[in-house]
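In the form predicted alone, a lone chain appears below as structure tokens.
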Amino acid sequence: MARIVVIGGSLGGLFVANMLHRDGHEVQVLEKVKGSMNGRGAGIVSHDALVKSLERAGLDVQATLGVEVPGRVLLDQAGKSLIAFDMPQVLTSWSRLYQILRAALPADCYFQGVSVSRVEEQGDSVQVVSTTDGQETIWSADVVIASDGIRSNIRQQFFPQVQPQYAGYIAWRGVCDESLLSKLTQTTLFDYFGFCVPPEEQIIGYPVAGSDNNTSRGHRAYNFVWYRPAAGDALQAVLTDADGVHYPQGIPPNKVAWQQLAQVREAARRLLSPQFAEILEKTPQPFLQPIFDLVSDSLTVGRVALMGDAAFVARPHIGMGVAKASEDAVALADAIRTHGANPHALAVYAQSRLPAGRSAVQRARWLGSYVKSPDGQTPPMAQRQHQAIHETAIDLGRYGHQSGFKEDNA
């Protein structure tokens, strides 16, 4: 069987590593972060494709994956329900998926604190050069899979022209413990996939497992994502900490300035339903991320392949970032199973996943268009409300497009 190095030990890397290990390959996962990675992410919508990918990795965990919601609700600024309908979905979390995938992979396949500097193809093999605690190491493989995120060093090496493009807005995110919330919020919002749509903004939220991945009532948490336009001085301000240090690519959660937290909580009280405002108020450390698009023209070069956020990044509105990475993993594992660990297999993978990546980015741009409209024209409120609640993070395989989205809209 083949020797395969996976660069990046987050969810995408763990998906493909588990699948390849299950197929009998010698897999080595190189993760630059040292120590526990639990709690790095927040909520995740578990599409059917995600469940199928877990099964392809040999994991049958659907019953314990997360929290099931019966449907969706759109709240107005006063906290009253404007739209409500049934749409069952299971909502999980980054930490739950990481726990599942990490536990399934043998410990001797996973290496932390390994920073990869470059990849060098040499005939019928690939050399991965990394540094650990100042010590340089060379890893040899038949193929290399780069799952090292939106700022991928490997993509930068081979495709430096492909860069993330700022979408014009940010997302405030966080999770709030169920036990902290009022009876009003618990009964009218907590059990649902919730929405509120201020002008040119949108907040969504849904229940996820709480501490220690506890999904029992009273011990869960509510995950929210609030999209807000930010450009120029406003963007500069939110990405600058209280000591004046600027983080242009994204500010660490513990560095968000207290002044910015105070401002966003005040804005929540002014713009959002009381339920969402309460959640913002009681979340200990909301964090924010600039929203980017990333579109690759090619996913492979020789014996190296890009996957997950290293290949494409679609805005979070579609709720498919992890599902897309898991489908990349399935396509890679299937191609290697059929054709062997060689450039031809990687080319087959790329042929199948390039259209899927482009389509995901295009749909996500459409869903985010009223937050930052490309032509400056904001659609009517009723249209924005309908688009938000009926199209955001739906399982297209199960529910299909609800609002006539066309591929040429973006």
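As the structure is a prediction and not an experimental result, all values here were calculated from the model. When you see a residue number, it is the position in the sequence shown, counting from 1.
This protein has a second form, the form predicted in complex with a small molecule, left out of what is shown; the following refers to that one.
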Given the small molecule in the predicted complex, answer whether the residues Ser10, Trp94 and Val322 all have a heavy atom inside 4.5 Å of it. yes
Of Ser115, Ser125, Thr188, Gln260, which residue is found within 4.5 angstroms of the small molecule in the predicted complex when only non-hydrogen atoms are counted? Ser115
State the residue from Leu30, Val69, Leu65, Ala364 whose non-hydrogen atoms include one within 4.5 Å of the small molecule in the predicted complex. Leu30
Using a 4.5 Å heavy atom cut-off, state whether Tyr206 contacts the small molecule in the predicted complex. yes
Indicate whether the small molecule has at least one heavy atom within 4.5 Å of a heavy atom of Val45 in the predicted complex. yes
Quick one: does Pro198 come within 4.5 Å of the small molecule in the predicted complex, counting heavy atoms only? no
Is Arg265 part of the interface with the small molecule in the predicted complex - any heavy atom within 4.5 Å? no
Answer among 244-252, 313-321, 72-80, 177-185 for heavy atoms within 4.5 Å of the small molecule in the predicted complex: the stretch 313-321
